[in-house]
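Only one chain comes next, encoded as structure tokens, the form predicted alone.
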């Protein structure tokens, strides 16, 4: 049996990360098993299923590298087949007509539940049973003649030859209805696997109220597709060891439904940023440079006279602090402009406290005495010598210089910062800072 999975989104707007995680699991399972990953666009809500909404779905799949093995099946094209199956169910006595809309015309088609307990073996949750008394008949064709989700879903999965339905556990209850419909139609049911929900810190379903919730938002923020793919794959699944940063090929090799947890998984934005930083470092150097240049240009910080070697030095200096391309400019604009902003709190605490500008004047003299090459080791040696000479701590030494050359009290290691900026810029910035603030001392 050739494995066939599917992703069946309703194109009514943005693509939620919970839905795209289901697509990722379907894709990984199909690729691991050497099967096919298919796409069905459930576009029966014609008012909301616009071409733009369909394009959003297709773009999200393409950006994440979720290649499909067929042309998309548009559910709206299958209406005639849905209604044919409804008529077949009526002829078998597995459905009946009833007035459920108060029209008096009795036009709705209602599926008749079999009157027995239903059990299905969920590949993630294990066997699940529902008592006959709790299984109510339900509409499959509305009184206006339009097929309901349950009918279209089952018929289309039969048409597409789907062998495994992997979807969110908000569909657990629907599956009892669908299992009964497969039996009534006379088609073998697929295997079902219901994924745990993605939740927020309070254990509630993750939504837009909790932060970025749609694929497009992460793309706009500068997240890498391989990082989002990796992070979402591990929200509920594990490769069976302590690996966290994995390539697609590694995930395909390791993926099994047996390793999918049945409990909800919490989305941690800090961890997601960490994933992005790790994948960013894995990118080829030329890709990294291009990404940073694009972000800096968008932020108005890039100049064509900035050398690639200097940019690489800045990237190395910032190290783990930068997790998105955009964060380089957000955290360290001072590397790319002399018109950097002085943080008021840092100035008050580190420059305007008693004696701080006096220390900075002494440090200027010490750093002027350092020649080329202007290295982290040379500048540190100069300030340590000054600290010993004056009986001060290195804390007294570090903070005034840092604020003077960057405008802020936080950032990379001071001496790496000084070496990256270079002698001329460091000395000019300290002089300018003294001129700016000495009247406020």
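Positions refer to the first chain, counted from 1. Remember, predicted model here, so these are calculated numbers, not experimental data.
Here the subject shifts to the form predicted in complex with a small molecule, a form of this protein not shown in this document.
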- Message: Taking any heavy atom pair closer than or equal to 4.5 Å as contact, tell me whether residue 18 reaches the small molecule in the predicted bound form.
- Response: no
Quick check on residue 416: any heavy atom within 4.5 Å of the small molecule in the predicted bound form? no
Item to check | Residue contact check: residue 112 to the small molecule in the predicted bound form, 4.5 Å heavy atom | outcome: no
Is residue 10 close enough to touch the small molecule in the predicted bound form, meaning at least one heavy atom pair within 4.5 Å? yes
Only hit among 82, 323, 167, 350 for heavy atom within 4.5 Å of the small molecule in the predicted bound form is 167
Note: exactly one of 150, 281, 171, 312 sits with a heavy atom within 4.5 Å of the small molecule in the predicted bound form, namely 171
